[in-house]
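Below, in structure tokens: the form predicted alone, a single chain.
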Amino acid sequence: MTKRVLVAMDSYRLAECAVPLACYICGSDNNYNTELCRHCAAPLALSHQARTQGVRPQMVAVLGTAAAGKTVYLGMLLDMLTRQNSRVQVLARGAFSITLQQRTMMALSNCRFPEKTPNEPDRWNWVHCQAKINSKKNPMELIMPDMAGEAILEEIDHPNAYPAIHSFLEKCSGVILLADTDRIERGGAEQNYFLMKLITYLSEQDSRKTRGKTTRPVAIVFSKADRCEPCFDNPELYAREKTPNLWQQVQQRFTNYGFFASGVAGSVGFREELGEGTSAVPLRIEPRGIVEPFEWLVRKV
């Protein structure tokens, strides 16, 4: 005797996987269930979230040299904005968006700075969040990655070396550019040259121009400004006197720009570690000027 058995058909799942999923950053097609883009290594969770929410997120780039403080600034910014804030509030989208904030605050609470961001794009932390500003009726969806400084410099010197950076900077709506005040005060020219190259790169890459100047807003933030108090008093005057080449480049190439000063570690010490040399230690945490550049940029976007 033969028994009849009903078996559910799961072929619809195969049909779903056969439809390619475009990467939100570079636009390359990927398999539906893949975690990272095969071309630029950006997380495809960004594409899934964009499809389900029906609102296309805007991109904000946080750029700077290696050890300029990008990870600390971005992590502290998110930690402050995810709490109750009277002017700007941020709500993280997806669990992966909280990783950067978590690692930064855990490191600072243990009196150390976060580990250096790796050069490999598949190990970067990406943040997708919803930002709500009092003066705007609708909240904004934003994507902000923590990209390695060496990778940014490599992309500037050799365009398309890092497809994720190239595509992101081409599409981003605004830029927060960090300048290391500590290295500027020590008289090094590295910051000046890097920032001038980056300003030139951003200007030439952006097609949105009015009278030869790009309209994409740029916030130039002097990080670690707690080591140079006059920088807080007048950041634009500080830029004019300490980084005149950068100040002139910004004047000539951009219409929307602002100069800011920020600091996270109110006091820094140094310790010698066997086999690793001298390392900086945050002695106390006193965030200053963290929210202002982000708030200015979001209002301009």
Partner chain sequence: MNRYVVGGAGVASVVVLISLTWLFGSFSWALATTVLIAAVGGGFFAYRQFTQKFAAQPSTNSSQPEDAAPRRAASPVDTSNSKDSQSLARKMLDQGRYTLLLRPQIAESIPSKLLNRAQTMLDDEMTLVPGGETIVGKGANDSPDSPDHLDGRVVQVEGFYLDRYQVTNEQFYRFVQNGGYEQISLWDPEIVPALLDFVDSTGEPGPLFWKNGKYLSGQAQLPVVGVCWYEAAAYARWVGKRLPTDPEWVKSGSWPVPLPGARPIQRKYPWGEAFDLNKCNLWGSGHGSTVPVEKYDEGMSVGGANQLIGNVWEWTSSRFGAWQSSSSPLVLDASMRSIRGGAFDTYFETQATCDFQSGDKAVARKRNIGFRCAIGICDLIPDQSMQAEEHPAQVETQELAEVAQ
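Remember, it's a predicted structure, so these values are computed and weren't measured experimentally. Numbering follows the first chain given and starts at 1.
Same protein, other form: the form predicted in complex with its partner chain, not shown, and the subject of what follows.
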{"query": "Listed range touching its partner chain, judged in the model of the complex by heavy atoms within 4.5 Å, from 31-39, 251-259, 267-275, 51-59", "finding": "267-275"}
{"query": "Every residue of A151, D157 and K197 near its partner chain in the model of the complex, heavy atom within 4.5 Å", "finding": "no"}
{"query": "Position in contact with its partner chain when the complex is considered in the model of the complex, options K136, R83, R186, R123, heavy atoms within 4.5 Å", "finding": "R83"}
{"query": "Contact assignment for its partner chain in the model of the complex, among A92, V88, L108, L202, heavy atom within 4.5 Å", "finding": "L108"}
{"query": "Any non-hydrogen atom of M76 within 4.5 angstroms of its partner chain in the model of the complex", "finding": "yes"}
{"query": "R112: touches its partner chain in the model of the complex, heavy atom cutoff 4.5 angstroms", "finding": "yes"}
{"query": "I285 within 4.5 Å of its partner chain in the model of the complex, heavy atoms", "finding": "yes"}
{"query": "Non-hydrogen atom contact A22 with its partner chain in the model of the complex at 4.5 angstroms", "finding": "no"}
